[in-house]
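As structure tokens, one chain now follows by itself in the form predicted alone.
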């Protein structure tokens, strides 16, 4: 396959002008919806805790508000699926270009932001579960 055809298959104008900006917009919207949902949950939970003298009706209303606020979870999941699809398409197309052209990644110096990310996430959340058992963590707080 000719390199020009492979690069064309990347649809760089569509990716750069439409798909990647759309992924970025989805991330911004996801953050906004998650922040709003969590804020609503915390507000209702604080209202329950701050007013123990309220009647069962008030507690029920706050519990309903908490359940409604958890609706952000579905919206965040939908947005994450869209972003994952876009990134998967980009990954497959870039790998095709690299394979067709026999491209080997050039050595590049690590940027300050890459270093910071690597250093901050070295012991961060594990992708497939914790490296340390929760019971071991609990022992630290006793």
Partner chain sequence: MAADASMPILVVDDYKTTIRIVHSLLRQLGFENLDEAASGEEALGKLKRKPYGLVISDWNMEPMTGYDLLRSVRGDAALSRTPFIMITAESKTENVVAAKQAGANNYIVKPFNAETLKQKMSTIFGEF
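Positions refer to the first chain, counted from 1. Given the structure is predicted, the values throughout are model-derived calculations rather than measurements.
Heads up, the form predicted in complex with the partner chain isn't pictured, but that's what we're talking about next.
The partner chain is not shown here, and in the predicted complex it never comes within 4.5 Å of any heavy atom of residue 107.
In the predicted complex, at least one heavy atom of residue 42 sits within 4.5 Å of a heavy atom of the partner chain. In the predicted complex, residue 77 approaches the partner chain with a heavy atom inside 4.5 Å. Interface membership of residue 64, defined by any non-hydrogen atom within 4.5 Å of the partner chain in the predicted complex, is confirmed. Checking 38, 29, 103, 94 for any heavy atom within 4.5 Å of the partner chain in the predicted complex turns up a single hit: 38. For the residues 70, 84, 98, 90, the 4.5 Å heavy atom test against the partner chain in the predicted complex is passed only by 70.
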